[in-house]
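As structure tokens, one chain now follows by itself in the form predicted on its own.
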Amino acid sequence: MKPLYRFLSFFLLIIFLILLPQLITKDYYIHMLVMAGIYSMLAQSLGLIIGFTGQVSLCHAAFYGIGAYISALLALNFGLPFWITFWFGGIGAGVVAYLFGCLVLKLKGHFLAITTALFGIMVTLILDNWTELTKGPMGLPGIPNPSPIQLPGVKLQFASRTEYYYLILVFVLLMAFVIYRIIHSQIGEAMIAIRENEEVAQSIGINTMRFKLAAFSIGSGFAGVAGSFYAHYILFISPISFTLPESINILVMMIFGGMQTFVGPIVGAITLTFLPEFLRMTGALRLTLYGLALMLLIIFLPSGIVGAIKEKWFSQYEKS
């Protein structure tokens, strides 16, 4: 019954997500759904690095920006379509993450946190000062939309936010499927072993450096794909979108939902994308209430929303 229940739940969720734009009248809310999808990719890919492998990373926005700039520059300078450039954006971010990881992933704790934060700042400074390539603070305008694609019975031209919503939905589902397969494989078991106790993992023959590099590269590569989508959705990028505060924002989303869960980062990304908008009615108190909500969650639900639900469900199951 359990596999059937999961299948039916997943099927109903997909139907709801497909019909959701038809239930929303305001174009702005569809835009918020698209941004929630982008942040879902960022939060879940960071969850693979931190939640399942236990590595601290404060430079996720840097790889987000690397993917965005690679994709945008290839489209603007060489006329390549989005369907090709997003691969380069993801692979390019993953390769940079691999090279950087080879240098720093032997560090642990606050040493790794400080090093990754400095790397993120360095990437922002490069994007800000390499004006011949990136145009610096002026940013890159005029990034083209994804070229139209023909599907059975419908042609997507990406002239509306609804079409972007369906595209990001496909991206999120594909990325979630890949991450699900990773964490439920022997690779995922090795990553979790490293998270729980790296020394013990080494003692039983796990090549910890190899698996940490794999998680860091894959997670950063997905961040690059999210950046590529962002560039071709907003049609303009500048270094201000890929700073250290953005990395911290992604980290908070992951923790808010539950960083050691599969669904938690997605829940956190959606919640914290919409929560500031709902708090706009409070005016000047918006940021205060937002910070208070985060503080209370960390105090009373340290394992995140989904993590707390799972803990309560398992405790009731054990009692019964």
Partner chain sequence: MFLMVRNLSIHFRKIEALKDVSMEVPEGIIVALLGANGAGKSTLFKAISGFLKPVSGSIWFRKGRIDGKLPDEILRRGISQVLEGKRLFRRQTVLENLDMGAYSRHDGRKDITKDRDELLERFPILKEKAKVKSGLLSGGQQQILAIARSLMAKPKLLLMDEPAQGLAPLVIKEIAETIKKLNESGLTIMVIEHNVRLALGLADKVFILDNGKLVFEGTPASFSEDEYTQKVYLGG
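Residue numbers count along the first chain shown, from 1. Fair warning: this is a prediction, and the values are worked out from it, not measured in the lab.
Absent from the display: the form predicted together with its partner chain. The rest refers to it.
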> Non-hydrogen atoms within 4.5 angstroms of its partner chain in the predicted bound form: do Phe278, Thr282 and Thr288 all have one?
Replying inline: no
> Given that the partner is absent here, does Arg195 sit within 4.5 Å of its partner chain in the predicted bound form, heavy atoms only?
Replying inline: yes
>> Check Ser160 for me: does it contact its partner chain in the predicted bound form (non-hydrogen atoms, 4.5 angstroms)?
In response: no
> Do Gln202 and its partner chain share at least one heavy atom pair within 4.5 Å in the predicted bound form?
Replying inline: yes
>> Just checking whether Thr131 would be counted as a contact of its partner chain in the predicted bound form - the rule being heavy atoms within 4.5 angstroms.
In response: no
>> I need the one stretch from 111 to 119, 97 to 105, 185 to 193, 219 to 227 whose residues put non-hydrogen atoms within 4.5 angstroms of its partner chain in the predicted bound form.
In response: 185 to 193
>> Considering non-hydrogen atoms and a 4.5 Å limit, which listed residue (Tyr165, Phe211, Phe171, Phe88) is close to its partner chain in the predicted bound form?
In response: Phe211
>> Looking at Leu244, Leu156, Ile206, Leu73 here, can you tell me which has any non-hydrogen atom within 4.5 angstroms of its partner chain in the predicted bound form?
In response: Ile206
